[in-house]
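In the block that follows, a single chain appears as structure tokens, in the form predicted on its own.
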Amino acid sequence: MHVLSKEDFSEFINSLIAETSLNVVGVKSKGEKFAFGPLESANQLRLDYDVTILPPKKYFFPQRETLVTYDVSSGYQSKSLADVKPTIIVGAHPYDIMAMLHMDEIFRETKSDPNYLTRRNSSVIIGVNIQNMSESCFASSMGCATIDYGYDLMLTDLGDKYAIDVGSHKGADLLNKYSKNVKKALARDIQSVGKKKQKIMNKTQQEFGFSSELIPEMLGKFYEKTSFWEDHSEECLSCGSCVLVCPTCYCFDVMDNPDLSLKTGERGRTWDGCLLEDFAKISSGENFRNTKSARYRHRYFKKGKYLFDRFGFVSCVGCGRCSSNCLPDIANPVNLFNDMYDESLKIGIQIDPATIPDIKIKTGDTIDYAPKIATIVKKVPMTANETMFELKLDDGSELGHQPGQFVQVSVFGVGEAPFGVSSSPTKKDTFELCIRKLGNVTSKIHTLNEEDKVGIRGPFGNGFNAELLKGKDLLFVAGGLGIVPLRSLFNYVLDNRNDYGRVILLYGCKEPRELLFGDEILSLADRDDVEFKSTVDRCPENEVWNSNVGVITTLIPQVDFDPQKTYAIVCGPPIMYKFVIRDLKSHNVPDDHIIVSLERRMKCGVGKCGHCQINQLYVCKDGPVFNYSKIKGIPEAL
């Protein structure tokens, strides 16, 4: 540990500011509040602040940033961050430093986010121990009021000087190069720092009446206490203020911003929040969290349970920004968790400290947000609202997908949307997408013609395990647009027919005119190696239909199969699953013999934007194909 007089510390900061190769930011006054901003002089620094309006994560994960630029004539390009200046952040409190460490794990998991990590790895964090604590702060209860790691330099105010704890080689190099008169700390200085840190722990005005180690387990016991969540969320405005100021929130939306010429533009991301009404709404209109109590509950579960189950930490650092920015004053985690704990005592629920989960998070390649260019080689209208597009990547590469995976399709200036690949991997050179006209992106795609260009990212997610299914009897159950991703596996099985046992396809749609892949599907009746039955919910008087009329479950009793030898592959609208699975279970099909493909809103495709999250799972990378035994009982999954 070292010490530096406050006068010399000011000179140190001014030397950093004078270095044109550095971007120096720190805490400054903003009216009666405080905010991180560019420093022009050390005199602007307010290291005695209580809390800033926004956390310093904004320097690594900006409120708005460009991911990709595009030019209709030349395609998409990821925006280069090669010219990013190293950012020196002066004055981060320990809880905000801990929040950065949480964000690091999230943004490097599976596929690393290059924009976040480029900025983060070039930064230097100069922290400061808390001098004045916000009345909403409960960092002590979360173990984040003081920390011993995660910073490059950590300051402690000792009156006429700062004690400086060096936390990294970057911090040491910065101190050696730009500071003068640095002295080694004496024993009494080190002792004073210890007393200051202990005093900080006792400053909090907000605290739990229990150990924070109980939070994940306690939440797990309260998920289905509907009245508890309804009561606490009754005054929620669904404004999202609490999550938009949170230092560990990472959800974002992605949208295109075209220039006036409509020939060039940018694709950017902006902060988003799970408290907003349409956050979990999918293209077909279903909203998997359509009540404010469900969204309110999700906010707490994401922080205290879901991320704990995935990463092993409760992703709340106790900064208190959420409660201080909530107009109806209902976002205070301390109040909610204390009420929850009191309620658990009242009704006799035993809460034990959570067991740290077995973390199996892997890191891999970096994300490329720039799509490849593909050409539409065939366009086949299938119904009034669905069209099949056959595409070929312009660089000559194969898509390389597994049955059941999806791609993100981009249209210049309009945006990007996910679609399941409907063709088998055995189809070489090109791939097929069947797209329903619903929103802006799909409506624009439907106006495109052969030889027009789109962007393709992917394939993404986990598909059907065709190897595992070899030798098994297969029962395919498809409803409506669910035939699209299911078709990729079905055709793969037909192309490798000798590798599989019985093949049964049950397919239903609302009306005969909505039948997809009509000639292809109906021709199955002529095959002796496939059993096929179809149904429609209703048949208008002016249409001809010679098969079953009724919902998809009316077909299940019409086929005889051995449940121990049969694997059921189910895909359709969300409402269909519980009824199909119920009937399969009534026929004694084991849970691990049921495979489903789920639909969720997916903006990034790599588990970063948060839109497709169900508990600790992300549909875009942990799915969209799931074994029912793995998601049975998971709230919001089915």
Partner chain sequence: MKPKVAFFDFAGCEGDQLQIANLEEEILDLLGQVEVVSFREVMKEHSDDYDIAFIEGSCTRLQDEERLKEIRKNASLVVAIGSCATIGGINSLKNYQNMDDVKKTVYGEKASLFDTYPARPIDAVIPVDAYVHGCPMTKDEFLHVVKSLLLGKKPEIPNYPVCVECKKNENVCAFERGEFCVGPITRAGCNSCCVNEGTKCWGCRGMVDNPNENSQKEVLVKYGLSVDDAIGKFKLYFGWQGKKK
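Positions refer to the first chain, counted from 1. Quick caveat, the model's predicted, so the values are computed rather than measured.
Keep in mind that the form predicted together with its partner chain is missing from the display, and what follows is about it.
The stretch from 195-203, 93-101, 259-267, 399-407 that comes within 4.5 Å of its partner chain in the predicted complex, counting heavy atoms only, is 259-267. Contact annotation for residue 239: at least one heavy atom lies within 4.5 Å of its partner chain in the predicted complex. Looking at residue 414, you'd find a heavy atom of it within 4.5 angstroms of its partner chain in the predicted complex. Heavy atoms of residue 173 never reach within 4.5 Å of its partner chain in the predicted complex, leaving it off the interface.
Interface residue remark: residue 329 is counted as part of the site for its partner chain in the predicted complex, having a heavy atom within 4.5 Å. Of the residues 226, 131, 554, 325, just one reaches its partner chain in the predicted complex with a heavy atom at 4.5 Å or closer; this is 325. Between its partner chain and the residues 232, 161, 292, 436, the one pair within 4.5 Å by heavy atoms in the predicted complex involves 292.
With contact defined as any non-hydrogen atom lying within 4.5 angstroms of its partner chain in the predicted complex, the contacting residues in 423-451 are 440, 444, given in sequence order.
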